[in-house]
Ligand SMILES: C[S@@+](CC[C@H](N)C(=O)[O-])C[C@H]1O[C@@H](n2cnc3c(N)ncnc32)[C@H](O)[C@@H]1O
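Presented as structure tokens, the chain that follows is alone, the form predicted on its own.
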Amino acid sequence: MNGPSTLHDPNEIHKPRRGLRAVLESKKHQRQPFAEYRRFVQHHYDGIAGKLTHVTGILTGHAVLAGRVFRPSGFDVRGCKRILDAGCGNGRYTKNILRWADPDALITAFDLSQSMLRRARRYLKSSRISHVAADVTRLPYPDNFFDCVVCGWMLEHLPDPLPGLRELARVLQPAGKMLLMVTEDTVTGAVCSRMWHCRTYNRHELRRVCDACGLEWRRPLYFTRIHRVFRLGGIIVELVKR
């Protein structure tokens, strides 16, 4: 992958929070070694938390609002022939990819949790989707393989986003597009962090890490105008690989 050789300090992406956010935000990813935290996340989503994702998607509105992001005026997957859904979870975003993708597009969805993959297969019974168990920091795909990547609410489970973003950028073709959705360092984001035992990201700091990976911010996206005004719904951005 070609791109800037900017050195990255993990501490820059996780500066100490202050006030209510600091109290609410989960510290689990900081208190455990990454390998141990990774196993915890896998078991967390294998269990009751993973089962509840369909319910929480309805309660938060994300299950419906996702359709406002995946559309021709939003993140447009039409014309893309190899699409990767990274950290597919229960298949919520795969469903929208399938709705808009060309009939001959190949859709690959992966997740670390085998149980989440089983839920996704039951949710979307389509021969057009390949479900694979994989780790975002060590993807089993060749360089420049996909022309589109969707990564929704998965990067929060990496204390340092660089290894995961580098891998996603590696498998993305030059000029390929990526939809990145992560929990933002707001009060509502901190509440989500506590619920899902993940971290949050600062918009400006995350943008610098994307740039270091050769991923250019094309434009921010929002579920609705209300989400834009009140900083709700997390960070949703369309990226392009240089």
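All of these numbers come straight from a predicted model, not from anything done at the bench. Throughout, we count residues from 1 along the sequence that is shown.
Separately, the form predicted together with the named molecule exists; it is not shown, and the next lines address it.
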message: Check for me: heavy atom within 4.5 Å of the named molecule in the predicted complex, for each of V41, A134 and G152, yes or no.
response: yes
- prompt: Heavy atom within 4.5 Å of the named molecule in the predicted complex: which of L112, L98, L124, C148?
  reply: L112
task: Choose one stretch from 99 to 107, 72 to 80, 152 to 160, 165 to 173: the one whose residues place a heavy atom within 4.5 angstroms of the named molecule in the predicted complex.
output: 152 to 160
task: Determine whether any heavy atom of A120 comes within 4.5 Å of a heavy atom of the named molecule in the predicted complex, and answer yes or no.
output: no
message: With a cut-off of 4.5 Å between heavy atoms, is I129 one of the residues that contacts the named molecule in the predicted complex?
response: no
- prompt: Does any heavy atom of C88 come within 4.5 Å of a heavy atom of the named molecule in the predicted complex?
  reply: yes
query: Can you check whether Y201 is within 4.5 Å of the named molecule in the predicted complex, heavy atom basis?
result: no
